[in-house]
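Just one chain is shown here, as C-alpha cells, and it is the form predicted on its own.
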Amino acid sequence: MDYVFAKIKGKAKKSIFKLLSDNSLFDIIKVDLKHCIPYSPDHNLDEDSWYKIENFTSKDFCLDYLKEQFDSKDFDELNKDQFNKISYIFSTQGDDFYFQKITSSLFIHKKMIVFGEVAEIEKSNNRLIINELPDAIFITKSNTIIFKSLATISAIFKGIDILYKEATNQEVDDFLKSPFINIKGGYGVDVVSKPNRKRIALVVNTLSTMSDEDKADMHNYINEYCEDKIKYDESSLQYEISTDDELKYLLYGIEQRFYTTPFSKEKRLANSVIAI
C-alpha cells in the first residue's frame, strides 16, 4: 500500500506524520540510472535528465528513516492544525520515496469557479498543489537518489548543499593572490560574486593537480580565447583582473571550457561539461 507523509517545521520529537493512506502523489517515473548524471555543480542538466547520488544512505545528509526499515505503522496521523506547518511531503510508492518541497505559494485559499458538468462556485478551502514531477526520488533497491535541483532539495536533505561548495573568504583571497593574477581597480574578496566563488572552489582543485608545464600551456590556451576579455602582461606573466566578468573568463579558462569546433572552426564556450 502507498502512503503520503508530511514533515512539519519545528523541533518537536515527532516531526513526520501520516497524511494519506492508500494514495500516491506522482506518476511512477522510470529512469535508467546509467544515464543519470553524477551530481556536479559544474554541469547544467538537459531538460529530460536527472542528477544522481549513489550509495545515498552512507551520506551524512541522508534522512534517518531512509537508512532503516520503513514501517507506516510507526507514524501518527497529521492533525488539521498542523497543515500550515508542512515543510515537505513524501509518498512511499512501491519500494521508493518521492519527495516534494512545500512553500507557501503552493497553498491555495481562494474561492474558485469549477468546470465540471456545469460551472459552479467552490468555496474557499485549504488546498495544496502537487507538482507534476517530484523534487527527488530515493530508489531503495539501488540506494540512489535522483533530483533536478540541489538548491530545491537542500531544504529537505539538510547539509546536502556541501556538494555545491562556495570558496570561503580565505580561499578567495588566497586565489586572488596567485602569482598569475594582478588585482586592479579596487576589486577584491568582498565583491567576488557567488557564482565566481563556486567556480573558485572548483578551480582550486584543478590547479592542485596541474603540472608546471600544464600551467604554462594554460596561459597560452587562455590568451588564445580571451585576448579581448582579459589583459595579460607577458613581462610579469599576470592577468589583470578588475571586474567579476574578467575573473569569470579566467576561471573558465583554467577549467578548459573554451573549444574550437572541428569543422566550422568556431570558437565557443562550454556552459556545461561532463566527462565521457
Partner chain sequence: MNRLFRLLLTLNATLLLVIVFFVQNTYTLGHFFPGNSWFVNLPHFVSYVLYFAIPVLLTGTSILLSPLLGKDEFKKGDIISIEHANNSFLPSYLGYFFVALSIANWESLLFVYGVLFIFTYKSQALYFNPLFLLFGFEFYNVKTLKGTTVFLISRNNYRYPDEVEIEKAFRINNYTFIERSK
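Positions refer to the first chain, counted from 1. Just so it is clear, the structure is predicted and the values come from calculations on it, not from any experiment.
Another form, the form predicted together with its partner chain, is not on view; read the next lines as being about it.
- Partner contact region in the predicted complex: 65 to 73, out of 239 to 247, 46 to 54, 214 to 222, 65 to 73, criterion any non-hydrogen atom within 4.5 Å of its partner chain.
- Put simply, R268 is far from its partner chain in the predicted complex: not one heavy atom of it is within 4.5 Å.
- At least one heavy atom of K18 is located within 4.5 Å of its partner chain in the predicted complex.
- Its partner chain in the predicted complex is approached by K14, whose closest heavy atom lies within 4.5 angstroms of it.
- Interface membership of I276, defined by any non-hydrogen atom within 4.5 Å of its partner chain in the predicted complex, is ruled out.
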